[in-house]
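The form predicted alone is given below as one chain in structure tokens.
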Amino acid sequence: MLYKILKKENYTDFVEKLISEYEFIGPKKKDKVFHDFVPIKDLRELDTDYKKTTIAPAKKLLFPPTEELVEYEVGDVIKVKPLVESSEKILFGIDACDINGMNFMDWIFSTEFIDENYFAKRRKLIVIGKDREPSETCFALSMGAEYAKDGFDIFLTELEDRYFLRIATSKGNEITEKFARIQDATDSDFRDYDKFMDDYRSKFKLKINIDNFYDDFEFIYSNEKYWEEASKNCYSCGSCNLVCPTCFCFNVKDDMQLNLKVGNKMREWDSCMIPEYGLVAGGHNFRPTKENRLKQRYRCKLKTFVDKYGKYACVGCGRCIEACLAKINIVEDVNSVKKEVSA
């Protein structure tokens, strides 16, 4: 890791050069509260001061909501052509918990199989992160995801009159040397950065009682009354999954032309919270009730991956709290498990 300083008067020039040289993706304000990561052509479009976490997760650049996997032709010989599309891009202004979400996706798509469609995009994605103010629904600190150790090329932290840069890769070093006027960080810069991080962490107000959840969940698992109450307002709409930076479930569909000779296979996001997700041949449904689906979601996020790999499948971004039409709050539910056990 290299530690550098970029003075604020040189920041605009640095970003403008990146916009002119690369396909540049960054947060753009859509309305009073909503931002989205979209192509940026002009610096005036870029707004890195977003706070609300309802922006679509940046994973969509690597794992699109809808994606062609292969195209095929059926004849005397069946021809199959994999479709792996990628181009070099800069993803700018992503925060630490979303970088940790991408790190989780990196791990998911490489642990038991290598997803070439995902990694073709990941290898060409230059990630430049930036700290942001936590929103009232963000509990990343409780999940240990408020700080990114890796998964980025450059990470910017805004101090009073300068930016403190952590440069994690050779690509990041190449970019800063070519496009930015930087200098080595001094002892004073490190002290100011350390103070910033202390102040930054103190701004996380939402706390989740996750320490004992792994064991406490088993106490509550078969309590039907508890899950009926927790899920009573759930619409089974799947919004929580669709905004989550670590959800990776998908469905694969065939799109065949009318001649029944040419077609393609499409991958699209799926949601474990919708009734059809557990439906199999014969009309049987492994998760027919919303109570069971909510319980499974919490188990998947906070226990299953701890069992298998020692990782939570949640970075505490709070998007699910923001997006839920029924106002179901994962923090309140997890904290209520502790109260139930202690009662």
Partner chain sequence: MSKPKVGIFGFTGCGGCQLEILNLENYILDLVGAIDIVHFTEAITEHSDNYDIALVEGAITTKHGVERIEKIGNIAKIIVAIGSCACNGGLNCLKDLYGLEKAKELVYGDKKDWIGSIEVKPVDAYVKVDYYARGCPANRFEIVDIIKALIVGKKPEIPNYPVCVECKRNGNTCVYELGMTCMGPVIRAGCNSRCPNSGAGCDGCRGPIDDPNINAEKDLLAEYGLTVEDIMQQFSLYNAYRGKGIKQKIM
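Not measured: the values here are computed from a predicted model. Positions refer to the first chain, counted from 1.
Below, we refer to the form predicted in complex with the partner chain, which is not included among the displayed structures.
J.: With heavy atoms only and a cut-off of 4.5 Å, decide whether N212 touches the partner chain in the predicted bound form.
T.: Taking the distances in the predicted bound form, the answer for N212 is no, it never comes within 4.5 Å of the partner chain.
J.: Using a 4.5 Å heavy atom cut-off, state whether E224 contacts the partner chain in the predicted bound form.
T.: Because no heavy atom of E224 falls inside 4.5 Å of the partner chain in the predicted bound form, the answer is no.
J.: State yes or no: in the predicted bound form, is some non-hydrogen atom of E322 no more than 4.5 angstroms from a non-hydrogen atom of the partner chain?
T.: Contact with the partner chain, yes.
J.: Does the partner chain come within 4.5 Å of any heavy atom of N233 in the predicted bound form?
T.: Output for N233 is yes: heavy atoms within 4.5 Å of the partner chain.
J.: Just give me the single entry in F204, Y147, W269, Y163 that has a non-hydrogen atom within 4.5 angstroms of the partner chain in the predicted bound form.
T.: Among F204, Y147, W269, Y163, a heavy atom within 4.5 Å of the partner chain in the predicted bound form occurs only for W269.
J.: Would you kindly say which of D187, D184, D198, D254 lies with a heavy atom within 4.5 Å of the partner chain in the predicted bound form?
T.: Going through each option in turn, the one that passes is D254.
J.: Is the partner chain in the predicted bound form close enough to D31, I55 and L258 that every residue in that trio has a heavy atom within 4.5 angstroms of it?
T.: Contact check passed for all of D31, I55 and L258.
J.: Determine which one of 204 to 212, 261 to 269, 133 to 141, 190 to 198 lies within 4.5 Å of the partner chain in the predicted bound form, judging by heavy atom distances; exactly one does.
T.: Correct option: 261 to 269.
J.: At 4.5 Å, heavy atom to heavy atom, what parts of 275 to 297 sit next to the partner chain in the predicted bound form? List them in sequence order, or say none.
T.: Going through 275 to 297 in order - heavy atoms within 4.5 Å of the partner chain in the predicted bound form - the hits are E276, K290.
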